[in-house]
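First, one chain by itself: the form predicted on its own, in C-alpha cells.
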Amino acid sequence: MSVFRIRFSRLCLIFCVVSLTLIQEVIADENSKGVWSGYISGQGRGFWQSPQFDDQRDGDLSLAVEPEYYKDWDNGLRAITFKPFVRLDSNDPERSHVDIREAHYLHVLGDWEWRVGIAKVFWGVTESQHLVDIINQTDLVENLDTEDKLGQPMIETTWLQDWGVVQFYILPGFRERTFPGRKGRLRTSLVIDTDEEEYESGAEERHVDWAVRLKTQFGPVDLGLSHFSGTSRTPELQPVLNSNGGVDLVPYYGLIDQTGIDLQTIVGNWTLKLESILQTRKGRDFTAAVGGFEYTFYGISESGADLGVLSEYHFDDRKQDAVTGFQDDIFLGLRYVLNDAQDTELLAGGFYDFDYSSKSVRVELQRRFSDSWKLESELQMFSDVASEDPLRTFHRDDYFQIDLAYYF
C-alpha cells in the first residue's frame, strides 16, 4: 500500500483538473496578487489502555499540512480558492492521506452567486450532532467527532433575496468515507475494506446527486429547510469473506432522499436549537432529531469570561438499529470562553445513552500563543459501554491528544 491514501472518482478528478487549471492561469497572471495562508500541525495521540486488536499501538504521531491560496478581483465579484490537505501518520497507512478540501471558482452576478469546483458546505445549528449536514463526506480518519469533511465536487447556485437565500447544488462525483485501517485505533472490531465498496446505483460513484436549501428568518428565528437526493454519505457495513478466509466489512452506499429542517433562536441569554430529518431509502422511512439549548452567563469574571451551559437530546426512531448510536441519548456540556487575546476556549461535554446506560466524555481546550502558534488538546473517554452499544468497539480507546499548529 502506498504511503498516502488518495481516493477520487473519475468525475472528482475531472473537477480537480478543471479547477486547478483555472487557478494556475490566475496565479500565472502577472497582475494577480493572491494570498497564501494555512497551517502546519504536529499531532500526538496516546491511549492509556492496551489495544483490543493485533498491530495496534499505544500511541501515534502525525504531521498535517493545509495551505490555502485565495484571490479575488473585479471588486470581489470573482474569486478563486485552492486548499489541499495532507496528513502523514506514523502508524496507520489509512490515516496517511491527501485530499483537496477546496478548489473552486466563485462568480457574483447581481442577486446570483455561482461556485464551480470542489468545496465544503456546512448545514446545521446544533452542537453535538449535525443531522442535516449531508453535502460533504466525513473524513473519519481525522477524528471520531465527524467534524472533518472531504472536498465535494459541485456546481452551486445561490439566489440572494431580502427574505432569504436559496441554494441549489449539483453534485457530480461521490466521495467514499475514510475509515481507520487494521493498525489504527478507534476502528471497528472487523476491518473495513474500502477497496471493495458497493453501491445501490449502477452508476456507482458517478451517480449525480442534487440538493436544495432555503435559509430565511422569522423575527428572532433562523430557519433552514433542505432536501437532498442521491447516494447516502453514511454506508451500511456488510460482512464478507476476505481472501484469507476471514471476515471483513464492506461499505454499501444506498440511494436516499433526505428532507431536513434546522431552527435557531436567541432570546436573551438563551440559544435554542433544533435539527430534524426525514430520510427515505428503498421505501424505508425514518426520522431523527436533535434539539436543546445553550444558556450563557456573560462576564462571570473580571476578565470578561463567558460560561455557556449546553444540553441537547438525540432521538432516532430506528431505536437500536440506528447506525449512529444516537437513538435515545442526552448531551450535557459546558463552554468556557475567556475572551482574551489568546482566544482561550474550553468545551467539555458528555453523552448518556438511556437504552444502554453507556457514557462518554469529551474535553477540548484551545489557546493561541501568538499570531502564528496555536495549541489544541483533546480528551476522549468511554465508560460502562454496553456490549450491544455501537460504541462498544471503542471501549478500550480512551485517548489524550495534542495538536501544535503553526499558522502562516
Partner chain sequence: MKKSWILIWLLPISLICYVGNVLAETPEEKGLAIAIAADKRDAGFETQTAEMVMTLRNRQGQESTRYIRTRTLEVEGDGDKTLSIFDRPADVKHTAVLTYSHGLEPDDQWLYLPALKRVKRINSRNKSGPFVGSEFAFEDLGSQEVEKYSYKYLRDEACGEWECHVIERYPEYEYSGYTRQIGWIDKAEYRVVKIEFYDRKDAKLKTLTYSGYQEYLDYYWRPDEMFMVNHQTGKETTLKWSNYKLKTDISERDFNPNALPRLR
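Residue numbers count along the first chain shown, from 1. Just so we're clear, the structure is a prediction, and the values are computed from it rather than from any experiment.
Omitted from view is the form predicted in complex with its partner chain, to which the following refers.
Check your understanding: Does P172 reach its partner chain in the model of the complex, with heavy atoms at most 4.5 Å apart?
Key -> Heavy-atom contact with its partner chain at 4.5 Å: absent for P172.
**Study point:** Touches its partner chain in the model of the complex: E68 (any heavy atom, 4.5 Å)
**Key:** Yes - in the model of the complex, heavy atoms of E68 and its partner chain come within 4.5 Å of each other.
Review point. Taking heavy atoms and a 4.5 Å cut-off, does D54 contact its partner chain in the model of the complex?
Key: No - in the model of the complex, heavy atoms of D54 and its partner chain never come within 4.5 Å of each other.
Point to revise | Interface membership of Y298, its partner chain in the model of the complex, 4.5 Å heavy atom rule | key: Judged by the heavy-atom cut-off of 4.5 Å, Y298 is in contact with its partner chain in the model of the complex.
Practice item. Kindly indicate whether P239, R281 and F286 are, all three, within 4.5 angstroms of its partner chain in the model of the complex, using heavy atoms. Key: No, none of the three is in contact.
Review point. Which of these stretches, 316-324, 176-184, 125-133, 194-202, has heavy atoms within 4.5 Å of its partner chain in the model of the complex?
Key: Among the listed stretches, the partner-contacting one is 125-133.
Exercise for review: Identify which of A211, L249, V108, L263 has a heavy atom within 4.5 Å of its partner chain in the model of the complex; exactly one of them does.
Suggested key: After the contact test, the surviving option is V108.
Point to revise | Sole residue of S311, N269, N143, T157 within 4.5 Å of its partner chain in the model of the complex, by heavy atom | key: The residue in contact is N269.
Review point. Taking heavy atoms and a 4.5 Å limit, what residues of 206-245 are near its partner chain in the model of the complex?
Key: Heavy-atom contacts within 4.5 Å come from K215, Q217, G219, P220, V221, D222.
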